[in-house]
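We begin with a single chain expressed as structure tokens, specifically the form predicted alone.
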């Protein structure tokens, strides 16, 4: 029997309690690589719970990479210690303008495109418009600060964010540990000047704005392979990653890879920058816990409201280790940096009224229905790069085919992204198809144009 205890009075769901305690047993070494766990039926009987509780916990830990199911054999602790695999880090040199060269096909959006199937436009449920308007009415009657506000952000908003991050991401935070930012890149801009001199490793393919922000601060970018275990960060002083849902491949960073990256960061005396941009939008299991839970002294956590509310709200949050937190806060105090007060006040109302929870649930249902439709249309022509989650999916196929599909979508009035525009040295090609910012009818029209082009090859 596993040494776990479930508390029916604490308010946390039983599957989440069980998953958390098994995760702790693995991290502490009580359960080691290759150890066989009791069957879900046997463990349910031991704990006096339904089998659904143990199955959900096992499914969650398997999705996170802590456990692995072996057909006909049982459930075992997966490999959780770094193997002797050294990742290939590639330096990216900037040109005369200080920006990386653009891959073939990265052309500006044409003026005739009417709808974007991108990775950053979330679904907005029209049934929630009244709550959105109410939040801004409250902003209009609230008294704004007479001078510059607290550079950490509104106290009430930080309290609400701390409660939410504890509930949804498993982070036990004091409100004063949170700094409200004007989005993810603003968080990066606040962090980069406080790091010691040296390059920054950024996933490849990866979030283009992150790499561009690093280069803007005259730091060299080192390409971090997005689908390999990282055991050596070389000279990098930081590693930017999206472990819950790799952008744009969609991969969940397995537990063993998280531990390997943290160990590499410790050896390099580097920090891990965790961009947790859309972790709430998993359809198969509960959201994967934040990487920051594993090492609060080594991980800088970045969150955003762009995917759960709207990008133009321009709000995010940063949680840094204490030494970096103080440096960031000192600079923001001197420069009067901070997120816009009206946006902060509106988000506070959206959180207090439960609007944000309803928006996330509504969007998750829509994405869970649309993702399989995209998969059904694309599967005959391309290979899915990662599990279905979030508001987009990425499909691997030759660049010539991807360009033909992109051009056909444009001709039909839709803009889609090429995977090659996210890659610097990886050489991966394909399509990144978002489905949050369009209607069902528009999505069907775009898919018809894409698959029509691919079927003609």
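Residue numbers count along the first chain shown, from 1. These numbers were taken from a predicted model, which means no experiment stands behind them.
There is another form of the same protein, the form predicted in complex with a small molecule; it is not shown, and what comes next is about it.
Heavy atoms of no residue among 136, 345 and 349 are located within 4.5 Å of the small molecule in the model of the complex. Not displayed here, the small molecule is kept clear of residue 373 by more than 4.5 Å at the level of heavy atoms in the model of the complex. Residue contact check for residue 183: one or more of its heavy atoms lie within 4.5 Å of the small molecule in the model of the complex. Not displayed here, the small molecule is approached by residue 314 to within 4.5 Å at the level of heavy atoms in the model of the complex.
Proximity of residue 250 to the small molecule in the model of the complex falls outside the 4.5 Å heavy atom cutoff. Per the 4.5 Å heavy atom criterion, the small molecule in the model of the complex is contacted by stretch 269-277, the sole one of 269-277, 230-238, 379-387, 355-363.
Site annotation in the model of the complex: the residue of 286, 211, 259, 306 reaching within 4.5 Å of the small molecule with a heavy atom is 306.
The contact with the small molecule in the model of the complex, taken as any heavy atom within 4.5 Å, belongs to 120 out of 120, 254, 151, 199.
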